[in-house]
Each structure stands twice: as structure tokens, then as C-alpha cells.
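The data below hold one chain only, encoded as C-alpha cells and taken in the form predicted on its own.
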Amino acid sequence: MLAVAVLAAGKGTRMKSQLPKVLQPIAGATLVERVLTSCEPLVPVRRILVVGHQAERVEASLAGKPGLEFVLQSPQNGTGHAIQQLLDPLRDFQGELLVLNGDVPLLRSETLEALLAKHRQSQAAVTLLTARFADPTGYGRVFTDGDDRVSCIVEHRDCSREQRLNTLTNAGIYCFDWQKLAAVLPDLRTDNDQGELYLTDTIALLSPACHLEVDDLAEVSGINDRLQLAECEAALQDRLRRHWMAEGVTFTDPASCTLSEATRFGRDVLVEPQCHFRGANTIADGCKIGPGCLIEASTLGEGVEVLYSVLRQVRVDAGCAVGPFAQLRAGAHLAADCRIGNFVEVKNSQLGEGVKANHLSYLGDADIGARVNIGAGTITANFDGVNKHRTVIGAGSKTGANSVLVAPIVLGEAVTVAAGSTLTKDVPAGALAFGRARQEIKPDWRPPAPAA
């Protein structure tokens, strides 16, 4: 059996943020969420977060993830002290304990699977991930005696000058035989430079101890400040773009685009420069996105084209064209082959197949039938100062330029609204509706002279 413990108690002082370090976002998810996701394929029977700084806030952020256990570390007196807090919750547990850090978000599931496999194959008491850095300053050094066997780990600040020449470092990821670890945890001492209980000190107390060296150093990159957060974001974005390009997506300028890990692309999608995807998106085959688009938590059907526009929490069916400079807001649904043009905003509205709104319109809280043509400047006036009301426009209707439809209002099928009209009453099918003052002309008119 496998249990996972994620260390998430630290303050993250160098982040200079009111947000706990493990809740800092990267590519649409928090650091700790990414760590938890990385171990899901291992199917652990227990998942425990060791929390401390702003513990309630960390727990609340993960309320939607069932089966998590939280253990409080207070005060925070080192990694060894953190794992000591598991002695009671895991007193009856027998199996492996995988220890992860909540601020190491790029670790791949495949690497954790390899670590667990090596641990079981070698029948080690502990197996740890290691990494070899050209400049290992700040990292604990791992000392081995051949055959991947580890003799001890010495923290950088406790290393002698000769020991610091060793470039094999501790990545802080461990797989323990829990029963053997539990037996030595009470023996940890604080006789070190920081006066803390180090989990690394258990390595010298456990035998055999093995290590697995990672190939991709980015996987074990921890985050302590905003610069490292940005570097990890860049590494993850590059990983995501490379994955989708291998799956048949074209990015004409990859470095200018950012993705969320929850975005899914079909084949033959073209993403132009400066496009950004947030949340869980589905982009179907043959879509063309950009330049200059933001797509968030939306679903786009096959062959949709979006240009210089913002789409948030919307559904756009096959063959639609959006933009330039359009905004589709939450609850908008465009049926197939709609056309939404420049400076058109659609909010919480259902547009039937083939609707066209090409210029300067606001369509809010509306149900619009198939093949309706929305004239330039048409507005559904949906708010009476207290409540929102819906506008219904029947199939095949047309609104003239600068029309205002004051909701609640229903226009039947094949209605024509004259340009410049303000309508406040329902219109039956097939009618022509006017709602404007009669034009008057005063010939030879001159403005009055200004007062002396």
C-alpha cells in the first residue's frame, strides 16, 4: 500500500505575498494542486497534507478534492518535525510513504512511478530522488558508495569545503518503508546550523538507502520567490505547448501564447500570436484562434474562428466566426454558423443557427432564433434598475440600426424593426415595428444670437 504526504506548512516569506506559497497559481492551478495531481496515477490509499501557515486557507482551497487528510504542524520546526506529525495518523499503516513538497510543481507522474518501482525492486528502506546541478549551492549533498546506495545527506550550510565539491544533490522527494521510518523518527536531533529536525538525517539511520537521479532538472525545481515562480511557469508553458504541437496543433509564435493544463485541443488547430487559454477549454478540430485572444472555460466546435476577442464561459458551435474585438460573456451559446463582429458583446444569451450581429451591439439575456440579423447598434435593454429581464426574438427577424429592445419583450418570427426604434411592447410575427419620433425639418433655421 502507498500513502502520500505533501509538505505544505511553510510561510514562503520570500514570495512577499499574503497568499500561502503553496496556493500560488501556475498555469491555472495552485502549486499544491499540481503536486497532488502528479501522484494520482500511483493510486495512493492515503493522501495527507501537512499544513501550518494559514492552514485553514490551504484546507479551504482544497475542499473540492475528496479523501484528503490534513495534519497540522505547529510550530514548523523542519521537515523531520513535519513527518513526525504523521506518527499518530499512520500508527497502523503498513506500506510505503511517498514524501513530496508542496512547492515543487513540475514533477512528472512517470518520475514518481519510476521512484516507487526502484524502491520496491531494491527493497530499500528509503529511496530518494537526486539531481546533479552544475552549481549546487544551497542544496543538500548526497553521498553514495556505489550501486546507487546512499550513505548520508549533508545540508549545504553544514557541508565542509570539500563536501561542497560534490554536485549530486537531494531533490527532497522520498519513498520510505513507513514502519522503518517510524522507528527512527523519534531519534532525530536538532544539532545542526538551523536547530531544526531534518528529514534528511533519517537517511543515515536507514539501510539500505538508494537514490534515483532525474534527467530533467526542471522537474525538481522548487519555488521560493517570484522569479522562480516565473521560471517554473515558463517551463510548464513550454512543456504544454510542445505536447499539443506533437498532437497536431500549430502555434505560429509559441512563446507568446499561454495555456492552462485543463485546455484540450483537436487536430489542425491554428493558434496565432498572443493567445491565452485559461481554465478548462475544449477547442475542436480546425479552429483558428487569434491573433490576440483570451479564451476561458469555453467550448468551441469544429472550424470556429476567433480574432482579437475575449470569450469567457461560453459555448460556440461549429462554423462560427467571432471578432474582431468582440466579447462573449458567461452563459452565451452560439449555435452553428453564427457571425459576431466588431465591438459586439453577448451575455447569457442563446443565439440560433446562422444569427448575424456584425457591428456595435449588446445582446444580454436574450433568446434569438435562427437566421436573425441584428443591425448595427442594436441593444437589448435588459436591466430595469432592480431586475434583469429577457428579450425573445423569433427566427428570421431583422433589427434596424440603433434599435433598442426594452425587456421583457417578445418579437415574433419574421419581424422587422425599423432603424432607430425603441420598442417596449411585444410584436406579432410578420409585423413591421416602429418606435421613434416623427422627423421634422425647419428650413432656413439659424441658431439664436448669443446673449450680450
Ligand code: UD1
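Position 1 is the first residue in the sequence shown; the rest follow in order. Quick caveat: nothing in here was measured; it's all calculated off a predicted structure. We call the rigid core the largest set of C-alpha positions that still match within 1.5 Å between the two forms.
One more form of this protein exists, namely the form predicted together with the ligand; it is left out here, but the text below deals with it.
Proximity of E155 to the ligand in the predicted bound form falls within the 4.5 Å heavy atom cutoff.
Not displayed here, the ligand is kept clear of T299 by more than 4.5 Å at the level of heavy atoms in the predicted bound form. Under a 4.5 angstroms non-hydrogen atom cutoff, the ligand in the predicted bound form has N170 among its neighbouring residues. Although the partner is absent here, S309 sits far enough away that none of its heavy atoms falls within 4.5 Å of the ligand in the predicted bound form. Residues with any non-hydrogen atom within 4.5 angstroms of the ligand in the predicted bound form fall in just one of 107-115, 322-330, 343-351, 171-179: 171-179. With the partner removed from view, the residue among F251, Y198, F265, Y362 that has a non-hydrogen atom within 4.5 Å of the ligand in the predicted bound form turns out to be Y198.
Think of it this way: in the predicted bound form, the ligand has a heavy atom of just one of G140, G303, G369, G292 within 4.5 Å, and the residue is G140. Three-residue candidate spot E96, S122 and P208; no residue lies within 4.5 angstroms of the ligand in the predicted bound form by any non-hydrogen atom. Using a 4.5 Å cut-off on any heavy atom, the residues of 12-26 that reach the ligand in the predicted bound form are, in sequence order, R14, K21, V22. Shown in the overlay between the shown form and the other one, fitted on the rigid core, is a CA shift at P136 of 2 Å or greater. Relative to the superposed core, T282 shifts its CA atom by less than 2 Å between the shown form and the other one. After superposing the rigid core, the Cα of H156 is displaced by 2 Å or more between the shown form and the other one.
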